[in-house]
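Starting off, we have a lone chain in the form predicted alone, written out as structure tokens.
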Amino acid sequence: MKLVAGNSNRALAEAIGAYLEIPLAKCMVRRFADQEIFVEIMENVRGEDVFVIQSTSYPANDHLMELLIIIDALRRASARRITAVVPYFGYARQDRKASGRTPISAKLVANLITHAGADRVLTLDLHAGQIQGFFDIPTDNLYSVPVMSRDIKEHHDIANITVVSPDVGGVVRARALAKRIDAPLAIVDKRRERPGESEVMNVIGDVEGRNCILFDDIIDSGGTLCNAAEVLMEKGASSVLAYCTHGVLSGGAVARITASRIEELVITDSIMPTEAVKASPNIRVCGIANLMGEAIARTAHEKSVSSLFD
């Protein structure tokens, strides 16, 4: 088995390598003067089972091209099998035609990864489950719920916790967490007036006197979670925390979270934390290297990955 890492999240790749006790393969990823990406695999991979670890996070297009070019280099170097390990799958929010004359970019990216030469894909908490079907190759979608539930039990008293979905679309995800920690479920019903903005309308469920945990897959601008936290406090919640798998946190999101009613935001390191995230007093990063590493090991040894979540 070989592990190859791009530049998107080197720290996570090294942590996965440490869990598997396998050093990262030597791979040079550099740019020409005009920013063209050049990749050279610096060791023999002929006949090897290779895992390419690369999140397609900001800058999404650069990191996506790195992934595609690394896969192409490995294919031409006669790797036996290439698995694209994409902890954060960018473009996942473009999973349907929301209006006329718009693309389904998640399908396009799936096609690019497949045609570049990947034999299978391993990812984490896809924004929409149907994206698995966009790939014509085996695709394993891991879930952060076991990691998050373990962290909640270690850091909080679960006796008075209510898990809250910040929108109707995330109910299945929030219910899975609530079931893990044996907690009741509430839902924030919101109406989005325009992209990047949300208006909280109502709370379905009893949150009065409860310690509420908002659970979502992606936090980008932070507006949805901050608005949800505000309305939960207005409805009598004792406190509001948030757990999100992918901390995109673009623009002024970190400052918005810091100034909000959210006591603590917990994200995973599927996206490499920025300096602003590391310096924030109420944002904490939870590692997923063990989860990803175990899934890689099971894939390499042809063992069940779904049993990780039983």
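Given the structure is predicted, the values throughout are model-derived calculations rather than measurements. All residue numbers refer to positions in the sequence shown, first residue = 1.
Only in words, not in the display: the form predicted in complex with ligand R5P, which the text now covers.
Think of it this way: in the predicted bound form, ligand R5P has a heavy atom of just one of 114, 221, 141, 239 within 4.5 Å, and the residue is 221. The stretch that touches ligand R5P in the predicted bound form, counting heavy atoms within 4.5 Å, is 213-221, out of 153-161, 72-80, 213-221, 116-124. For residue 107, no non-hydrogen atom is located within 4.5 Å of ligand R5P in the predicted bound form, even though that partner is not displayed. When ligand R5P is considered in the predicted bound form, residue 167 lines it closely, a heavy atom lying within 4.5 Å. Residue 93 belongs to the set of residues with a heavy atom inside 4.5 Å of ligand R5P in the predicted bound form.
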